[in-house]
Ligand SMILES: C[S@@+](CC[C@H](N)C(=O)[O-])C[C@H]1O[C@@H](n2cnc3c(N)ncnc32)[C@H](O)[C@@H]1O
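Consider the single chain below, provided in structure tokens and representing the form predicted on its own.
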């Protein structure tokens, strides 16, 4: 889905999906455009070097080959973030220290002064990805993950990331032309991401990016990209409905839709799943019910998943439902056979995105495989 998003953007070339990433070629404007418009990406990284890193000396040598004097202006601070696992490095903190030493030593040699490290407010974020005996070095142009759109408070109970929600919608084929409903909306992530898609709103339009602190940042180009993103907005052509029984969730949805700038596009109602009004044929329902992560939850949630299946059959005839769940046992309680199953990860939890085509007048039996 991310590769498809990139191919749809102008100025993006040589799109190549890889393991956990999609590589592409483009200029600085393309970096801005990707940060502003990509819905399923977590970060946009500017690749610098790839090489062996089976030891401290090898990683130090690799990092020392990068022309850091061209990337950090005098007086700028830096921080090194490390992800992945590499041979010879039991600690990502040690790998970060090695890269930091290489950067500092090179700049001290060429400038006669060393840059400072800032763990909380660095001007330049260096990203290191370890995999086996190799490492990739890059500049992080995004800063905060792109899933942090800015419309939802961080740090609270928010198990579904915005990027994952958008990916589910795109996998479901949602383009804003069909009625959409989430009957168990929680904080409204699915509904808000649906509204952003339906209105053509750039998901990064309301936030800043780490690349704005690069010394070679071109503010006028980013301004132009933001203006182009705003110009592409349109009115949603079909209703988007978010419902939840919890009044606190309803209040959160209303707050978040306004913060996202889509308050006029999302209808927010309080109501029980079992009381969902019949939806027009051709509707799309997407829901992320609880998975049952605590002891005893499976028994309590079985009836909820059963009610989900009943709601599909009774209120969604001629439409399609997608369920994201991390519990295969609970999914069986829906009582319908999924016609498609996609493996996704909600953080560390392996989930299934299940598609159910609800045909009026015929009820399919559950899949007991």
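Residue numbers count along the first chain shown, from 1. On a predicted model such as this, the values are computed, not experimentally measured, just so you know.
The discussion below concerns the form predicted together with this ligand, not included here.
Which residue among 169, 98, 124, 185 has a heavy atom within 4.5 angstroms of this ligand in the model of the complex?
Of the candidates 169, 98, 124, 185, 185 is the one lying within 4.5 Å of this ligand in the model of the complex.
Which one of 274, 108, 221, 131 is close to this ligand in the model of the complex, taking close to mean a heavy atom within 4.5 Å?
So the residue touching this ligand in the model of the complex, by this definition, is 274.
Tell me which of 244-252, 210-218, 138-146, 82-90 has residues with heavy atoms within 4.5 angstroms of this ligand in the model of the complex?
Of the options given, it is 244-252.
Against this ligand in the model of the complex, would residue 42 count as a contact residue? Criterion: heavy atoms within 4.5 Å.
No, residue 42 is distant from the partner.
Within 4.5 Å, heavy atoms only: does residue 317 come near this ligand in the model of the complex?
Contact with this ligand, no.
So in the model of the complex, does residue 289 come within 4.5 Å of this ligand, heavy atom to heavy atom?
Close contact exists here: in the model of the complex, residue 289 approaches this ligand to within 4.5 Å, heavy atoms only.
My question is simply whether residue 160 lines the interface with this ligand in the model of the complex - judged by any non-hydrogen atom within 4.5 Å.
Flag for residue 160 set to yes.
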